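In structure tokens, the next block holds one chain alone, the form predicted alone.
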Amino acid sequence: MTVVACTFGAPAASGETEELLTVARKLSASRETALRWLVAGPAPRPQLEELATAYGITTIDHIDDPELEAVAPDASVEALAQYCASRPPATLLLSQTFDTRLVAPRLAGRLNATVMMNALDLEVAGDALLVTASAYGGDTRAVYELPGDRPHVIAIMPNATTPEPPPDAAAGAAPVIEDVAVDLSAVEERIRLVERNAEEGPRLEDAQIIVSGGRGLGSAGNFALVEELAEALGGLAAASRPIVDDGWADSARQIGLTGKIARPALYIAAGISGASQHMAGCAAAKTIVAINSDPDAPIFRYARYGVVGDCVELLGELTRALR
């Protein structure tokens, strides 16, 4: 009945690895079962040891295969399937990213396991596992009961939890790192990544203040008003999917179900209707401020503060007032 937290390569600078280890440690403690951290791909061992010690992880299984240097779906599924065949887990947890969306369902199929995506919280109920997950495009939350008679593959949403080292982590012993051999010689990737969008600078996922613009801006040139207000507030500019699709903003700025998931202290939505797909990316914000000319826009159901008006006029006025 082992709980396995699986990550790929070196720990992410964004804190996703720490979030995953926190969830895995709490689950293993609730089930009073062993916890292992599986690292698939090359990673610096001193960094792994430091993080494992800080988060109370005593055993690291390392698949240091060059085929996993970049997260390749076919190779990753095969490597994890071979690992699970030799060391069957009761629950395998992954951080939900673009890459793991491709890996988790296929791995579950290979293992005849249940699979849960968009997970936000886990709770043990007897032999079953209760998983709270985002549902209907983020419009609501649902609780699923997973039976204890088969393994589970669960993808944890980013920013679903706060990294929390155990109180006695400083006294933890150095972890044992075990090398795990897999045979990937017969794997041939069916999809080749030609180019990955490079992101530079601060990440939306880490921002405490976000100003986001939508179709209500009227034209591509008005997205500059979003950027100016974000700068004046010391935050980051973001966008809804429609204006990203129209080329008004870069895809790295997209908030929503198919974009970035953020939990800022302040989220200002300017000219955004509030569709469930967009709210999946920002509903966890502590305070949402909505600016929309339509008083019946769905965004006002989520907002703590709402302003009915032309966002183009109001963004400029807000920026001038702040400056």
Partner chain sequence: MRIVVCAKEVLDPDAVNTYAVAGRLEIGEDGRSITQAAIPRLMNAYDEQAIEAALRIRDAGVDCTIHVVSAGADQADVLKQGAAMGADEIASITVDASSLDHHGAARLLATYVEHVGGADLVLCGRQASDDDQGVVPALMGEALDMPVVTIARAVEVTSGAVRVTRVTPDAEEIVEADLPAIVTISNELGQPRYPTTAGRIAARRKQATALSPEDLGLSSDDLQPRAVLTKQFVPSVQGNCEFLTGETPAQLAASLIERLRADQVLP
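Predicted model only: the values in this text are computed from it and were never measured. Positions refer to the first chain, counted from 1. We call the rigid core whatever largest set of C-alpha positions still superposes within 1.5 Å between the two forms.
There is also a form predicted together with its partner chain; it is not shown, and the following applies to it.
Full three-residue contact with its partner chain in the model of the complex, heavy atom 4.5 Å, for 101, 112 and 141: Yes, all three are in contact.
Contacting member of 80, 116, 210, 217, with respect to its partner chain in the model of the complex [4.5 Å, heavy atom]: Among 80, 116, 210, 217, a heavy atom within 4.5 Å of its partner chain in the model of the complex occurs only for 116.
Single option in 182, 230, 146, 84 placed near its partner chain in the model of the complex, where near means a heavy atom within 4.5 Å: Here the answer is residue option 146.
Per-stretch contact check against its partner chain in the model of the complex, the hit in 86 to 94, 184 to 192, 158 to 166, 220 to 228 (non-hydrogen atom, 4.5 angstroms): Going through the listed ranges, the match is 184 to 192.
Contact label in the model of the complex: residue 60 to its partner chain, heavy atom within 4.5 Å: Residue 60: no contact with its partner chain in the model of the complex.
Its partner chain contact in the model of the complex: residue 26, any heavy atom under 4.5 Å: No, residue 26 stays farther than 4.5 Å from its partner chain in the model of the complex.
Exercise: residue 134 in contact with its partner chain in the model of the complex, heavy atom 4.5 Å: Yes - in the model of the complex, heavy atoms of residue 134 and its partner chain come within 4.5 Å of each other.
In the model of the complex, residue 56 touching its partner chain (heavy atom, 4.5 Å): Contact with its partner chain, no.
Members of 282 to 300 lying within 4.5 angstroms of its partner chain, judged by heavy atom, in the model of the complex: In sequence order, 287, 289, 295, 298, 300 come within 4.5 Å of the partner.
Did residue 121 shift 2 Å or more between this form and the one not shown, C-alpha, core superposed: Comparing the forms between this form and the one not shown, which are aligned on their rigid core, residue 121 does not shift its C-alpha by 2 Å or more.
Rigid-core frame, C-alpha of residue 235, shift of 2 angstroms or more between this form and the one not shown: Yes, the C-alpha moves 2 Å or more.
Core fit, then residue 74 C-alpha moves 2 Å or more between this form and the one not shown: The answer is no; the displacement is under 2 Å.
Closer or farther: C-alpha pair residue 47/residue 264 in the model of the complex, relative to this form, given a change of 3 Å or more: Residue 47 and residue 264 sit closer together in the model of the complex.
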